[in-house]
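A lone chain, given as structure tokens: the form predicted on its own.
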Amino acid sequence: MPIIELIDVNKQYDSDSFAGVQDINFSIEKGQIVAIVGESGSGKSTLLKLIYGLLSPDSGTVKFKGNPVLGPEEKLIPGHDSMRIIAQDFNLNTYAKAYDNIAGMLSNTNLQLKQEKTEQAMEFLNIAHLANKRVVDLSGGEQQRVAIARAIITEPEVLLMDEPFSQVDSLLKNKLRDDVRRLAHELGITIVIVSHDPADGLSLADEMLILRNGRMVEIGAPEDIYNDPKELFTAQLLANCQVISATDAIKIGLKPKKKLVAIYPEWVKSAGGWSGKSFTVVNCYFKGFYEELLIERNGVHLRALNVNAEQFRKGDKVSVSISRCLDFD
């Protein structure tokens, strides 16, 4: 039995006929990390609130271990007892110490146990040295760790995270992703993340769910839906791919099967030999250990990745091979 299951779930807001979610069906297994990814306003946060019980569906059912999740109309304090949710603002007492924010989730019936569990949670997230600092004096990444420790100290079975990496810089994101991965693998917590950044799901999740305008576009393992998306929207969201018409695809030597062709930049590479097609370098964009080339052939522009930085200059001719492409109607 899946730990979480959504069956024909619909939720629409009266104030906006386009907001909410429609016809949502999926399940989550215990211990999985699931990322719900989509553009702003696609219904990600609504879906998270439905899972937690902060909202009730207009129709359909949300289940936890086979039992319906009670909504705010049926529960005095909304939210499922076996789940914890971390909101975008972290919901911390900013002028209290980090230790007190975390310990405050436990009762005072056993003070020694309360201290032990608080210290264990802080050690697990590498924030023991921040115990006596006020939350207001912590960085965004440190506050995020305090919020996670506060959530897991009560030993929930499911942790729901709304845009968990939106307030941290790129250097801290990888460290926080590692923390989230450890929560699932070492503590057995099922984790559901909503994010507008596809990298969060691609690098972290066991399964990704793509939302668009409140509807589920597709769901699957990150590798599968990245390499073989069913919808053009998914390819554009995950890979920032280029989309050209079948007519333009023919101009650069491709043999399209449908009306549109999507090409990922990493599929376009400089290559010698008879199989390559000659393109003109329009511009070069330095990216650190690689560069991105804007190239042109017969009026069709493509982006290509080149790991040998500074190899080409504007106006150079470059032989290019396109390893694959995706066809869409």
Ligand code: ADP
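Treat the numbers as computed from the prediction; the structure is a model and nothing was measured. Numbers for residues come from their place in the sequence shown, where the first is 1.
The same protein has a further form, the form predicted together with the named molecule, not shown here; the description that follows concerns it.
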Joint contact, Gly104, Lys114 and Glu119 to the named molecule in the predicted complex, by non-hydrogen atom at 4.5 Å: no
Which of 43 to 51, 288 to 296, 66 to 74, 256 to 264 lines the interface with the named molecule in the predicted complex (heavy atom within 4.5 Å): 43 to 51
Touches the named molecule in the predicted complex: Leu305 (any heavy atom, 4.5 Å): no
In the predicted complex, Glu29 touching the named molecule (heavy atom, 4.5 Å): no
Partner proximity in the predicted complex: Ala19 to the named molecule, non-hydrogen atom cutoff 4.5 Å: yes
Any non-hydrogen atom of Glu39 within 4.5 angstroms of the named molecule in the predicted complex: yes
